[in-house]
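One chain comes next, on its own, written as structure tokens: the form predicted on its own.
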């Protein structure tokens, strides 16, 4: 495991009698080569989690290991082994892109500085602007430069905090494409994002988090857990009797009518769909087409958050 936490907790004390829990009892494992999405509302503790896992702040309680190093005992080794892209990366505006990256490379004792600078500036389309002051860069260009900075020392784990926040569609797409390339190279990436479509597309697993970890799984497994598999049968017209007909097919869990459609929840649609179609046709139905209803990650996120809010309110 590249990241392991056990009951990791951070509580900020504003006054002696006023404690604010930011992260509570976080127990989590992230595998090598995995893109892990950390999702939650503003103020949920996502950035605080990243700051702890990168040894920028210490935990109040609990433990963690990153790249095989123990948080608190091997903090210097952890910092050498990780790269961080913050939501608002700071740069020296009056210095060139090359100079900004050179300063960072010297701090991390990067070997072959010239080669590393060329490699990542070219990969992210910034080589032609390498001598320009960063103050003249657009937000998208600054974000790409910050990604270069986070990767110069070839970290084993890359932490990304809202990597496409505030970017125009073209710049955001370039950043997503670059993350895909890093994933294909086997990099381990821990990513916080509010862009749920982005997380659905990029992440192997996601954790839904609000001070405490609520759910962890692949997007597909969470869809199955929360909604099951639903198939939509589009018909020319619906006879109410067909609901009980379809509901009697073995393996069908639920049937509902929505206008001229039957919404069927089934355990194994590939096995059951032909049986349902035959039953409907034999009953005189005109089947126009059949498609599976795919819930978005936004549906999963909102359902999980609503259920957690109800449980907290009722506890």
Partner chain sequence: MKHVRTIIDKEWAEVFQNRMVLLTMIFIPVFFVILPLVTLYFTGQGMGGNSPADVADVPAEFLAVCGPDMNAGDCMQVYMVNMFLLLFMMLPVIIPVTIAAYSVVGEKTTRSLEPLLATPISTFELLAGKSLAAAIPAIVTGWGSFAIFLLGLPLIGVSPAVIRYILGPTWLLAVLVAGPLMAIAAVNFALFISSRVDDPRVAEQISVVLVVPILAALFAQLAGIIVIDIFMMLSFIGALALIDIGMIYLGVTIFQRENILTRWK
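Here the structure is a predicted model, which means the values were calculated and not measured. Residue numbers count along the first chain shown, from 1.
Omitted here: the form predicted together with the partner chain. The next part is about that form.
The contact with the partner chain in the predicted complex, taken as any heavy atom within 4.5 Å, belongs to 90 out of 169, 115, 240, 90. Between the partner chain and the residues 104, 209, 137, 120, the one pair within 4.5 Å by heavy atoms in the predicted complex involves 104.
Although the partner chain is omitted here, in the predicted complex none of 236, 261 and 298 has a heavy atom within 4.5 Å of it.
Stretch-level contact check against the partner chain in the predicted complex with heavy atoms at 4.5 Å: of 81 to 89, 188 to 196, 209 to 217, 123 to 131, the positive one is 81 to 89. Contact annotation: residue 273 falls outside 4.5 Å of the partner chain in the predicted complex, judged by heavy atom distances. Although the partner is absent here, residue 65 is not a contact residue: none of its heavy atoms lies within 4.5 angstroms of the partner chain in the predicted complex. With a 4.5 Å cutoff on heavy atoms, residue 224 does not count as touching the partner chain in the predicted complex; it lies far away. Shown alone here, residue 95 lies within 4.5 Å of the partner chain in the predicted complex, counting heavy atoms only. Of the residues in 44 to 58, those that come within 4.5 Å of the partner chain in the predicted complex through at least one heavy atom are, in sequence order, 51, 55, 56, 57, 58.
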